[in-house]
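As a starting point, one isolated chain is supplied in structure tokens, in the form predicted on its own.
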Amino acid sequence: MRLNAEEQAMLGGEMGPALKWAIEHQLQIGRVFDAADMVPVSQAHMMADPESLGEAGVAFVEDIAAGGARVTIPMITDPRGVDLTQYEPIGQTEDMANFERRFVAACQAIGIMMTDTCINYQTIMPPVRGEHVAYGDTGVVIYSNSVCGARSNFEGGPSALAAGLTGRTPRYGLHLDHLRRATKRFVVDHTPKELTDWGVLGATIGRIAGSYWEVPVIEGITRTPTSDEIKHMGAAMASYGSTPLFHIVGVTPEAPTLEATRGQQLEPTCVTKGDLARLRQPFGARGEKVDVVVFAAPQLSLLEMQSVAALCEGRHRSPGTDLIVCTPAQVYVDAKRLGYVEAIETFGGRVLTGTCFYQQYAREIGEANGWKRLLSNSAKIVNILGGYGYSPALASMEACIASAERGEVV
């Protein structure tokens, strides 16, 4: 890989041990993916949930902080494992909370902003078309690439930290024009109606695409989705297919036409209502007792908080069913001021700040609370939580609240 004079100085240790580690880490990644050089990035976003960190990960970040290193570009974080802003654990232990406190302190010493969100494109500073960034969360990456037209690969925790320290990342993958062209063409026979429908469509396409290196282009969408709808679509597509970029003809910025994506010569794959029904089939549980209803993955926007609150008005959850709502701190403040948090809490729900359900010791809190049957409107989260000991079911937001009220899946 070609390195400029500044990068050579980092590699030579002239800028300290942290930057030497960071550039060496990036060189190893760049060589694996045949990167020619580095590309400057304007922002970094780091996933670092407790399960992936471990004791060694926290100690590593503490060591970098102790050496006096600081990030050189704005750097933010994904959801945490414990809500430390309004500390009422939902099954996590004090050791888990202290583990988080150590990591937060180390990050702050390095200059990382603890935003604790997976929807920074809705709440903090959405990247603009052509902006090179180093983002970690799959939902963040696919939204930023597809909807904003920014450029990022999936950056693992150490890679995102390295980018924050050096202000660059290896130039490979979706930083390159030719790898952003469509490789698979999908034609849908109807346009989704609500959030869960958009998530199921994304999941179906992601499962068929099946590879990080495939770029779907989608035809047949007859209206422009809202930010929340396309958020659920992208998050599910990334969850089921490791997909970091998609195009919707006439909607997303790099797809004003099919020809603009180089997709006109690709053989079309039809996505039918039957395909979507088959994806939903394993997540049906009508009439079964539900232990916990979860709105998370992605965290809820202010508009989603408004919708949940409106559905909760004048109702109360069943004594045997819990309701968990995850939203970032940036949304929580307005949601509380506007009365949405109060409405959800009056219903009997819990609003957690800066966390996401599957990133907060999901197995442990399930066992602590006796949660087995979980219901959500997120196609992404039901895809994940089967691996944490849950029996997940999928329904619309409206059906989720009705199920929480009745105590069984409606």
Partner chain sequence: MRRELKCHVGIGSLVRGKALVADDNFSARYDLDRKKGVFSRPQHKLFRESYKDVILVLNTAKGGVATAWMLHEMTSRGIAPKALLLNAANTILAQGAALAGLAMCDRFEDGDITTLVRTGDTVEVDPENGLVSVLDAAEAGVI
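Positions refer to the first chain, counted from 1. The shown structure was predicted, so the numbers you read here are calculated from the model rather than taken from an experiment.
What comes next is about the form predicted together with the partner chain, which is not displayed.
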query = Even though the partner chain is not shown here, does Val41 get within 4.5 Å of it in the predicted complex, heavy atoms only?
reply = no
ask   = Does Gly67 reach the partner chain in the predicted complex, with heavy atoms at most 4.5 Å apart?
value = no
Heavy atom of Gln92 within 4.5 Å of the partner chain in the predicted complex = no
query = According to a 4.5 angstroms non-hydrogen atom cut-off, is Gly57 in contact with the partner chain in the predicted complex?
reply = yes
note = For the partner chain in the predicted complex, the stretch among 133-141, 116-124, 226-234, 294-302 with residues bearing a heavy atom within 4.5 Å is 133-141
query = Exactly one of Leu352, Ala48, Ala343, Ile365 has a non-hydrogen atom within 4.5 Å of the partner chain in the predicted complex; which residue is it?
reply = Ala48
key: One residue of Asn98, Ser211, Gln108, Gln264 in contact with the partner chain, assessed in the predicted complex (non-hydrogen atom, 4.5 angstroms)   = Ser211
query = Who in 32-46 is close to the partner chain in the predicted complex, meaning a heavy atom within 4.5 Å?
reply = Val32, Phe33, Asp34, Met46
